[in-house]
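What follows is one chain in structure tokens, specifically the form predicted alone.
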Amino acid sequence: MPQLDDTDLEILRLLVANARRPYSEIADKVGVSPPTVSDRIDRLQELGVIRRFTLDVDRSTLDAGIQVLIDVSTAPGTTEDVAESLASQNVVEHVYATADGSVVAHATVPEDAVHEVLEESVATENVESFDVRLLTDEQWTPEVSGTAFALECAVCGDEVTSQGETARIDGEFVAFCSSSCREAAAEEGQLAADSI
């Protein structure tokens, strides 16, 4: 299975800085051809390293309301439901679920409308308590340098190394740490016979 190399990391750094950067410009900077850049970006998407290309919109410039952090302490066993419910709201930009059963959402809401956001999206029995804090500033600084990318085995959860194997399940790229894990997935019916 191919590992990420310095060229992949440099492509990622360039895309983080500007996701609309032309492939020809990236190719010039990393010393490969534009088709090679395209192939590598496709592979990074298949690996799940690049999930999507998106816009970073500053909603405060659109007069869409005030930016807040909503910190919800969830009832036991409801953290995932609360996170999904908040994420489905148009006013919510980011949602984070924490190990202690809290969900933190970054939202831009009309003044005095935070309660409505919660009432419309989250069942009250799933909320033990919540806190709302006004945001005065935000910074987003994604960084690629020094990052070690590790794929996780779809069967056992171990790190996938260069000895790993890959397959497609329902059109999705899946990684396995070993042939035995890939065979285990096949035995469980996760893999079609022709993908083994």
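All values derive from a computational prediction rather than experimental measurement. One-based numbering along the sequence shown.
Below: the form predicted in complex with the DNA, not depicted.
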{"item": "Which of 65-73, 46-54, 125-133, 33-41 sits within 4.5 Å of the DNA in the predicted bound form, heavy atom basis", "value": "33-41"}
{"item": "4.5 Å heavy atom contact, residue 18 and the DNA in the predicted bound form", "value": "no"}
{"item": "Heavy atom of residue 180 within 4.5 Å of the DNA in the predicted bound form", "value": "no"}
